[in-house]
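Heads up, the chain below is alone and in the form predicted alone; it's given as structure tokens.
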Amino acid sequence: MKSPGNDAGRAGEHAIIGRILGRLPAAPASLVVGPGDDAAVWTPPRGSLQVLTTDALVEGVHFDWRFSSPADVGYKALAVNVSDVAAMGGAPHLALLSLMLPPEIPLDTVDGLMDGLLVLAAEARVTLAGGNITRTCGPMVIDMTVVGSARPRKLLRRDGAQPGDFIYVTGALGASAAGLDWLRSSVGTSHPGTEAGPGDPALAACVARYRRPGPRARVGALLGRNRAASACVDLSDGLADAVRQVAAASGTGALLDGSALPLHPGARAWFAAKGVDAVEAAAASDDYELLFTVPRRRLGRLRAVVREARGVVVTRIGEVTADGSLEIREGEGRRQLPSGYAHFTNTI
């Protein structure tokens, strides 16, 4: 039972802001004016372009309290934005947090959001520079903006792929989709963390990946710094959407090798047991890996990136084509690239 004054409505905006500010670590010297004023003021790295991105998580659309703890949601809210900066070849620096809170939400939930957010902020070296808190009569919304930087000639975009470039992905595919599917089928209304997790370690890793996707910030920055990639995008909306975005922006097609796709072993086993095509499932999995293209003449640069990637696996999965088609080769045949995640169709 909640005690009086222990929810957002009773505490009020200023008390919640004070609660958050009291947890923030010391800001770097580049943050000239930090939280508490009308706006933040920052000195960007000399000679760099600013990289700005924003994303929102909406309760009931992007997360479900049955599946994720407040710390998971806070971590993911920052991760989706750090991943976008990584896909641009940039380094993240600052974050702005906007919370739209139902008045009945417990302050413990707000504390939990900050627990997860600050864990990733420390890992990614991101400073929370300010934000806003407001009341909503609808579901909770966590909206974040992240500001990063990249050198002018080392910025990555989606429109640089050329026919003949190889297509690569980081990490493993399908883990998030498998983790969410397991949660939907196995978790009741108990609070996340109190239910028994999957007995299979590989499937447990999929659940962890869904709850807290680790953005590939280091790999993205390396790809930009080394100018190894011709185009890059993150897999926030799945493999299929990423391939389509690069192809559409670059005016190309793509041919993927189905046998080369690095499906997560937990996802492969989970979907096989259900009689579900693992490639189809992985095509819409929000794994927050990076998909990028590399010209053949830059493969040496890519090898240098892999050496510095601290164990992150990079896999060649296909080739950019000139004919505009988007296909997967499987054995002697081919099929159309599966559909990916659609924001106005898919939910958690």
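These figures come from a predicted structure and were not determined experimentally. Position 1 is the first residue in the sequence shown; the rest follow in order.
Another form, the form predicted in complex with a further copy of the same chain, is not on view; read the next lines as being about it.
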Hey, in the model of the complex, does Gly131 get a heavy atom within 4.5 angstroms of a further copy of the same chain?
-> yes
Does Ala40 make contact with a further copy of the same chain in the model of the complex, using a 4.5 Å heavy atom cut-off?
-> yes
Check whether Leu203 has any heavy atom within 4.5 Å of a heavy atom of a further copy of the same chain in the model of the complex, and answer yes or no.
-> no
Do Asp165 and a further copy of the same chain share at least one heavy atom pair within 4.5 Å in the model of the complex?
-> no
Candidate spot Val33, His62 and Arg158, all three in 4.5 Å heavy atom range of a further copy of the same chain in the model of the complex?
-> yes
Here the chain appears without its partner; judged in the model of the complex, the stretch of 69-77, 221-229, 257-265, 92-100 with heavy atoms within 4.5 Å of a further copy of the same chain is 92-100
Which pick from Ala240, Leu173, Met88, Val207 sits with a heavy atom within 4.5 Å of a further copy of the same chain in the model of the complex?
-> Met88
Within 4.5 Å of a further copy of the same chain in the model of the complex, heavy atoms considered, which of Val313, Ala322, Val58, Ala304?
-> Val58
Those residues of 129-146 which, in the model of the complex, come within 4.5 Å of a further copy of the same chain by heavy atom | Gly131, Asn132, Ile133, Thr134, Arg135, Thr136, Cys137, Gly138, Pro139, Val141, Asp143, Thr145
